[in-house]
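Only one chain comes next, encoded as structure tokens, the form predicted alone.
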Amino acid sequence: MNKIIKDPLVHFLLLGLVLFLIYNKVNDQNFEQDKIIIDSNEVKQLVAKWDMQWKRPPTEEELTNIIIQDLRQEVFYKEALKMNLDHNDEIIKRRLSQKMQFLSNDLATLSQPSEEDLDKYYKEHSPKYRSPYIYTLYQIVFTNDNHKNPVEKANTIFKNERNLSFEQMRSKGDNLPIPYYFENVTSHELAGQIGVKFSENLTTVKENSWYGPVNSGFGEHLVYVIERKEPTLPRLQDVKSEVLRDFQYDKQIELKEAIFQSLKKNYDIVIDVSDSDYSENFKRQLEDQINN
């Protein structure tokens, strides 16, 4: 009996038996991992995606093709994971990172703010919800293309001819594809047509007299503001949907950063860059950013 136990062939057979049992155990686990189940929920999701895209449910033939395509994708996906093809793939990294961030967005959306939270947020960000300035005005412009010194030309007209009628003043400026007269135009609309700088400069312009020159991308303007309506703050109830959207967006950003900072603690982050390629100041700033 002792001779049999000491026989190398018996050792080999025992080792083979152990390996066989281990293989079968692992193989049973892999069998479950390799199983692809197409259940009713999966089919419903595929139908919903089709309906969202084509605005109708798929026919039975179309549904069969959809399921086969989804199965094909799942098979190739699982095999690609087995072959480690996802390793160091930039596109896959980016996509999986996005999916993790989408989870944080969903968490933020699930948490509905109370009326008090929304009211506090609205008050803290009230300038964002104010209505824009509204103007009724005349304007003429002197461009760089038509004048060596448009500022000087504007100042000369302003000094000597600003008491002319609106029709007479109209002929003093250059022809451009922008209106001479604006009625009840918002500051946003003016910024879009003439420029942000021009629109911002009108907030302090005195009404019912010519003023200028006011600079824009077109040149130098003389402006006659007939009426300027100041911005007003609407009631929260009137802009509640907009405030809720902004609140949830800000919470998404806040939660995303909190989750990142929490998960980052699970990793030992080592900065190993060549001293010859980067300065000590760069590495120090990078370390500060990573560790804070």
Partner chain sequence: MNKFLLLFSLFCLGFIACKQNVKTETSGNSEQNEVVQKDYSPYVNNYNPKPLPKNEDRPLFGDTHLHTSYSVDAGMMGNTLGPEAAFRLAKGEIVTASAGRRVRLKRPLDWLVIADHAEALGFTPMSRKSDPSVVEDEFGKQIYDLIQKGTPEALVEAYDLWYSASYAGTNPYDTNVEFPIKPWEEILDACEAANDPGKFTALIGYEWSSAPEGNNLHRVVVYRDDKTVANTRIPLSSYFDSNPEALWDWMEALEAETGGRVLAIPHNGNLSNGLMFSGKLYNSEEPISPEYAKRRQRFEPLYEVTQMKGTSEAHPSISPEDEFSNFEIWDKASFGSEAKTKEMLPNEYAREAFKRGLVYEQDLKVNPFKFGLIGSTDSHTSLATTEENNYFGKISPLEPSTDPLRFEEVVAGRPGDPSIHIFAWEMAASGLAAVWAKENTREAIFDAMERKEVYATTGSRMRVRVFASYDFKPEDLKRDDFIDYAYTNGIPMGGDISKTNNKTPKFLIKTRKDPDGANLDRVQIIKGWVDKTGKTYERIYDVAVSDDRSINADGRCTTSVGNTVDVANASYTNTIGDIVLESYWEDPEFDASQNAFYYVRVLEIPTPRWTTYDAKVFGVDIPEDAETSIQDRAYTSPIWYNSK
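For the two forms, the rigid core is made up of the largest set of C-alpha atoms that agree within 1.5 Å on superposition. Numbering follows the first chain given and starts at 1. Quantities reported herein were computed from a predicted structural model and do not represent experimental measurements.
Just so you know, the form predicted together with the partner chain exists too; it's not on screen, but the next bit is about it.
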* Taking 4.5 Å between heavy atoms as the contact cutoff, choose which of Glu79, Glu115, Asp145, Glu124 touches the partner chain in the predicted bound form. => Asp145
* To do: Please pick, from Glu200, Asp119, Asp86, Glu74, the one residue with any non-hydrogen atom lying within 4.5 angstroms of the partner chain in the predicted bound form.
  => Glu200
* 4.5 angstroms heavy atom contact with the partner chain in the predicted bound form for Leu103 -> no
* Exercise: Arg245 in contact with the partner chain in the predicted bound form, heavy atom 4.5 Å -> yes
* Would Arg170 sit within 4.5 Å of the partner chain in the predicted bound form, counting heavy atoms only? -> yes
* in the predicted bound form, does Lys35 have a heavy atom within 4.5 Å of the partner chain? -> no
* Note that the partner chain is not shown here; using its position in the predicted bound form, name the residues of 145-183 with a heavy atom within 4.5 Å of it, in sequence order. => Asp145, Val151, Asn155, Phe158, Lys159, Arg162, Asn163, Leu164, Ser165, Phe166, Glu167, Arg170, Asn175, Leu176, Pro177, Ile178, Pro179, Tyr180, Tyr181
* Quick one: once the rigid core is lined up, does Gln73 have its C-alpha move by 2 Å or more between this form and the one not shown? -> yes
* Comparing between this form and the one not shown on the rigid core: C-alpha of Gln45 shifted by 2 Å or more? -> yes
* Asked: Is Ser209 among the residues whose Cα moves by 2 Å or more between this form and the one not shown after superposition of the rigid core?
  -> no
